[in-house]
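One chain follows as structure tokens, the form predicted alone.
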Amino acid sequence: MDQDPLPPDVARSLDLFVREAQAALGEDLVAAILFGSAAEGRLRATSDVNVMLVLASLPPGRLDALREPLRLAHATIRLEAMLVLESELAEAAEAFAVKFADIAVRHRLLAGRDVMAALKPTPAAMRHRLKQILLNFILRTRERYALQSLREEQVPRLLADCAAPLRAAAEILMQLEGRAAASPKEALETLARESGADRWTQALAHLSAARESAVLPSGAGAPAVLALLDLAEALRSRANALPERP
């Protein structure tokens, strides 16, 4: 993937964390991998910086030595670290197929060797996880809508939180259909057009606005959330129609 530069302060803190992780973990550190919006060059002020540390083993002393570097990076750049043993990778990729399929496509190697290059969840696991994500999104978003939509100042955050699961699901759905998209955002826009022409165009525009500025036209947020629930149902129907493959 293209290596768009990170903001200088993020790049400095991330480099410091990786160097301190290498010192703390020594030969047990197999790889340090950046994923998520930071790896795409789409970092926003509210974004987390997501890093996966792949380890050969993790003795307690090594984990203790990582505590201060991780606390500092979490405080300064909102760094979130996934610590996974190399022996756990294949099982994790099957259990969390959508996340790991996305990491495999969009990541940056910060240190060590690129263990993601040969890691690919099975289509059956991706299909199963895709259906889980969409159903979980629908159930959780219905509840949050009922709890929060009367307070207009709470709706932009609710709407912004719809982006990650819907975009990830759309990208994986396109992959399972044998197609590719330049980004999860483009995948969602493509499937929305195919499934409903212009039916969800405005809701997707409000979704982007909520993520980028947290500012929406008065009264626009709640209908947008309901429209995205409708879009999720359409994606779920499409996922259920996928052919069964091992």
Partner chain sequence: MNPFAWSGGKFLLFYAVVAVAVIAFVAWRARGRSDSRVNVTFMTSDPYRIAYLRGDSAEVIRVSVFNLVDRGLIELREDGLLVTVRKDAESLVRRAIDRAVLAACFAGTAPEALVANEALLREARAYGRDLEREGLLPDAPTRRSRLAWLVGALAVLVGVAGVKAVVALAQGRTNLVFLAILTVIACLFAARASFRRLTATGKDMLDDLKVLTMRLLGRAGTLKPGGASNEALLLAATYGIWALPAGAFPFVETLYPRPRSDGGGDSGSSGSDSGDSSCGGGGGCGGCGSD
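Numbering follows the first chain given and starts at 1. A quick note: this is a predicted structure, and the numbers were derived from the prediction, not measured.
The discussion below concerns the form predicted in complex with its partner chain, not included here.
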Original post:
Quick one: which of 44-52, 178-186, 27-35, 199-207 gets within 4.5 Å of its partner chain in the predicted bound form, going by heavy atoms?
Top reply: 44-52
Original post:
Considering I77, I133, V84, I103, which brings a non-hydrogen atom within 4.5 Å of its partner chain in the predicted bound form?
Top reply: I77
**OP:** Could you spot which one of L119, A92, L72, L109 gets a heavy atom to within 4.5 Å of its partner chain in the predicted bound form?
**Re:** L72
Original post:
Does any heavy atom of E194 come within 4.5 Å of a heavy atom of its partner chain in the predicted bound form?
Top reply: no
**OP:** Mark P7 yes when one of its heavy atoms lies within 4.5 Å of a heavy atom of its partner chain in the predicted bound form, and no otherwise.
**Re:** yes
**OP:** Report yes if any heavy atom of L229 sits within 4.5 Å of a heavy atom of its partner chain in the predicted bound form; otherwise report no.
**Re:** no
Original post:
Can any non-hydrogen atom of E212 be found within 4.5 angstroms of its partner chain in the predicted bound form?
Top reply: no
Original post:
Is its partner chain in the predicted bound form near all of R140, D161 and E233, within 4.5 Å of a heavy atom of each?
Top reply: no
